[in-house]
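Just the one chain here, laid out as structure tokens, in the form predicted alone.
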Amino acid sequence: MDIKPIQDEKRAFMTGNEVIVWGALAAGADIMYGYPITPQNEIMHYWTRLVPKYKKDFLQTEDEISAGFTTVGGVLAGKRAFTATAGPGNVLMQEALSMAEMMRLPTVVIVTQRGGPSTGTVIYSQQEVNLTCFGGNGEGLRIVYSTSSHQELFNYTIKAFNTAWKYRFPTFVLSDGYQSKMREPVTIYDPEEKGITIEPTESLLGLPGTPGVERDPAHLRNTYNLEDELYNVVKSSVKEYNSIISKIVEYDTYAVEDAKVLIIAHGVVSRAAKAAISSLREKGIKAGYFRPITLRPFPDEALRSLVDNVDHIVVAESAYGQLENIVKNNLYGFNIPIIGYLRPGMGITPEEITDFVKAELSL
């Protein structure tokens, strides 16, 4: 009998990369395909240490292109497969992930963001938002969860597998180098004991019966001969994607009821943004906080509902306007100044956000 990776609840103190592995095990992941790149390496290392005990599998491929396509192959075989990468590896995987979008394959990818462009730095950034949300040559029919804590890394790793297999769109957990390396407390658990149903997998190839006679054909294609064929397939996928947005989109708010200054941040930077609210309010500035948890699809309706009485919006991010541009696009038509506190590759503290808001808005 297989040993369950987690029984009951357990309190732990570990790195973010270790948390991701426990989340994948809790979700019932069968196999990880991967290639080393900082800061995700420990996901591979820790997975290979644990999986023999739990009868799981691992394959190190020759590069990230292969890691992406072998993950797609594992999914086609009905395996709860996943991969993890960062920076240039994320770039190299986009061909496989575009294929997953085209063929509606429930591929799960963990992205531990690092600084860029290109090799950049092996440390921290939020500079892979555009790439993860809209990479490839498709329409960005993806689901992207941006985590801010180790507890969320665990929770959303489980959720990513369920979301991917339920809705059949590539699903990402967007972490970063800080979360990867730092340690903090986390509660790990068996999702079924929490009432979380793990979505079943199924093989998408090699099904029994004659296609078109004993069963419907699978139509697993990523290339089409005629323009109208492609148009109809993409139109159908877009329609399905739009129909599930309300079921998927997630966000968090704090002190927004009377806010005149709305600070928007995601991921680990949102911790600093939320902490800055109390400091700003102590100084008489009515600040509130909005955090998109799903960057794709973006919680646009929720954001729009908050801004009628807001005088200024400040977007804080460790990138040069990637989140800011998404916010601007989703607030098109609203006449509200949007100011970016943009620090590509840099950590952001509550004090820095507080000082920036006071100086920039002369408050």
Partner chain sequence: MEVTAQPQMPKVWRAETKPHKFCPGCGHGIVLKALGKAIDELNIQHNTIFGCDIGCSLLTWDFFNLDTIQTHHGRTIPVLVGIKRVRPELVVVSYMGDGGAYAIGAQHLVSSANRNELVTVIVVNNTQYAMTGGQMAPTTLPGQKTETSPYGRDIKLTGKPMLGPELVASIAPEGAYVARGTVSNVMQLKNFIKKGLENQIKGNGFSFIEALSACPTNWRTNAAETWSFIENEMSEYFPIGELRTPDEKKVGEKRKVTSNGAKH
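None of these values were measured; they are calculated from a predicted model. Positions refer to the first chain, counted from 1.
Beyond the structure shown, there is the form predicted in complex with the partner chain, which is absent from this document and is the topic of what follows.
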(request) Just one of 251-259, 161-169, 95-103, 280-288 has residues with a heavy atom within 4.5 Å of the partner chain in the predicted bound form, so point it out. (result) 95-103
(request) Answer for L76 alone: is it within 4.5 Å of the partner chain in the predicted bound form, judged on heavy atom distances? (result) yes
(message) Does any part of R221 reach within 4.5 Å of the partner chain in the predicted bound form? Heavy atoms only, please.
(response) yes
(message) I'd like to check something about F58: if you look in the predicted bound form, is any of its heavy atoms closer than or equal to 4.5 Å to a heavy atom of the partner chain?
(response) yes
(message) With the partner left out here, check for me: in the predicted bound form, does some heavy atom of E62 sit within 4.5 Å of the partner chain?
(response) yes
(request) Could you run down 110-138 and flag each residue that has a heavy atom within 4.5 Å of the partner chain in the predicted bound form? (result) S118, T119
